[in-house]
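Only one chain is given next, in structure tokens, and it is the form predicted alone.
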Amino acid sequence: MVQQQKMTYKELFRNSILKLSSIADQNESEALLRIAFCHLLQCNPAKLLSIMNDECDKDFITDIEKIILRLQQHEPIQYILGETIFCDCKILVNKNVLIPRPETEELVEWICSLFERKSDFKITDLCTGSGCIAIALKKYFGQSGGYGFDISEQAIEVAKQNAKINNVSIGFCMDDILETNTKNYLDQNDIIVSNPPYVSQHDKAKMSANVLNYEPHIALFPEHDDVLIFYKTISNLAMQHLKMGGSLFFEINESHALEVENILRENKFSSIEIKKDMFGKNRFARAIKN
């Protein structure tokens, strides 16, 4: 039996970068490994930097090698570790929910910037997935009522776990919001928010393997390739279930900003605003019921 060679965290880090060179450039490899190292050591990046010259044990080396093998198959690091951070909230993720994106954090930050903290709002998140949006908003607004709906029973179970570990009370329920029945249980909301499926089949060819092979297609691609179907349905629901002066927020496909704006206008919303994300793409929409 060959004895495993001793090495420092720095040496393991450098060796691991080389093993990831076939799937990522150096900057991306370093970022992935930093996340993995910090997760296994339960430390922050500053602490990791301070111990890089320390010797790591064989179990740690084995764990990193297992992670590298999965990364080489283009599996997202968040699924490998089973969690990610979203707006300072720990969010559990698995194959049943999308990995929260930085752009979606921008949506939450935009909503929070428009209203006073600890406001007594009722907020509903449609197509909630992991529940990350509802949970982050609940933590910001405090005593506000929070609800989240998704067609996937497995996603709802993940969302419930996330609410529990973040110590927030949110009513997560399974439901298909595309059904024609009026959603009476929505009552009257101050805010309705949704990051629905909006990727077209045309865009599918441009997507990376780590998304197509691992993330749930039901959360990416709308039914019958109608990229506007959720915006049409949710806009109609929101007009029925928002309070006067209430706000509807969407994350949107940048290629269909004008169509979403027209849908909101046709539903008699006012103060319609399209907002760009950090990459300069039309990514968010807001409208007010007056």
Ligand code: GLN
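A quick note: this is a predicted structure, and the numbers were derived from the prediction, not measured. Heads up: residue numbers just count along the shown sequence, starting at 1.
Below, we turn to the form predicted in complex with ligand GLN, even though it does not appear here.
- In the predicted bound form, no residue of the candidate spot (Arg14, Leu48 and Phe60) has a heavy atom lying within 4.5 Å of ligand GLN.
- Here is the short version: of Cys87, Ile170, Leu98, Ile191, the single residue with a heavy atom within 4.5 Å of ligand GLN in the predicted bound form is Leu98.
- Val199 is the sole member of Ile151, Leu81, Leu178, Val199 with a non-hydrogen atom lying within 4.5 angstroms of ligand GLN in the predicted bound form.
- The closest non-hydrogen atom of Leu220 lies within 4.5 Å of ligand GLN in the predicted bound form.
- Within this chain, Ser130 is remote from the site of ligand GLN in the predicted bound form, having no heavy atom within 4.5 Å.
- In the predicted bound form, Asn195 approaches ligand GLN with a heavy atom inside 4.5 Å.
- Proximity of Met207 to ligand GLN in the predicted bound form falls within the 4.5 Å heavy atom cutoff.
- The stretch in contact with ligand GLN in the predicted bound form, judged by heavy atoms within 4.5 Å, is 212-220, chosen from 154-162, 212-220, 140-148, 89-97.
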